[in-house]
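First, one chain by itself: the form predicted on its own, in structure tokens.
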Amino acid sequence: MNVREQIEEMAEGFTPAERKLASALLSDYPFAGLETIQSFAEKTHTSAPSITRFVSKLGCSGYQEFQRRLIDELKERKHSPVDLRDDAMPVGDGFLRRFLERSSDVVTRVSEGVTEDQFERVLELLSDDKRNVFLIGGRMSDPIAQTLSRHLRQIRRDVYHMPPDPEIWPEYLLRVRSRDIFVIVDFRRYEKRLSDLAELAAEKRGARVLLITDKWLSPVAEHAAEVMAIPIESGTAWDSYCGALALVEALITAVAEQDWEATTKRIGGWEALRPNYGAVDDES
């Protein structure tokens, strides 16, 4: 469990001073906690002893250990497959079975990072056809955004998958109206361009940003109305996106079922206008 998760789990037991510290830390996580204890105390109008008691509740022997934990988390955010390789599950007999067991665990733990209440809130936003929906992901995670956009297009109108070239983004941003939706998928080794885009969408155009990320949190989280932090650790050199795909498929299914009559009509119209690329009979 990282520091953010600990704070969220223990929040109800905090004193007023500790709630103030927790709020300040989470609003600029983890960087607020990397300042000197004196600076952190001044910014939060608390005291060094209050901070010491706060970090002690989190299981740290002192402020230095607390900061080391935050620094370790920052390092984890940048781990590449090469970094993960040393602790990876070895390839050998029974690898497929063990890998699938771990993948199943990743999918199961999605519900730890995305509650039913949050799922319902996101579902309501994506189902609202008065809102445009814009989607984009990172270098490796964009196919997840593409999967969501391709299915949503067949269920509802005004869905736009954004290209990776930032030079083209203004054309899409100019379409954005207040309260439109931006879905951004960004996992560790985060991309600054996505954070910049989220800031423009939220601050300049009034969009609501929905972020799918991991427990270390993409910087996009600073601008997001909803942050869905899901597990990605697979125990191999590669992070797993199977949990993200399961979440996306759940959203697709739920959006379609919100108004099945409208979905049926939309899909029927879509199918009637699809080009025939040489498919035989009804196989397409």
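The numbering used is simple: start at 1 and walk along the sequence shown. Just so you know, these numbers come straight off a predicted model, no measurement behind them.
There is another form of the same protein, the form predicted in complex with the DNA; it is not shown, and what comes next is about it.
The shortest heavy atom separation between Gly62 and the DNA in the predicted complex is within 4.5 Å.
In the predicted complex, at least one heavy atom of Ser50 sits within 4.5 Å of a heavy atom of the DNA.
With a 4.5 Å cutoff on heavy atoms, Ala24 does not count as touching the DNA in the predicted complex; it lies far away. Contact annotation: Thr36 falls within 4.5 Å of the DNA in the predicted complex, judged by heavy atom distances.
Here the chain stands by itself, but in the predicted complex one stretch of 212-220, 36-44, 238-246, 251-259, 36-44, has heavy atoms within 4.5 Å of the DNA. Contacts of stretch 1-15 with the DNA in the predicted complex, defined by any heavy atom lying within 4.5 Å, are made by Thr15 alone.
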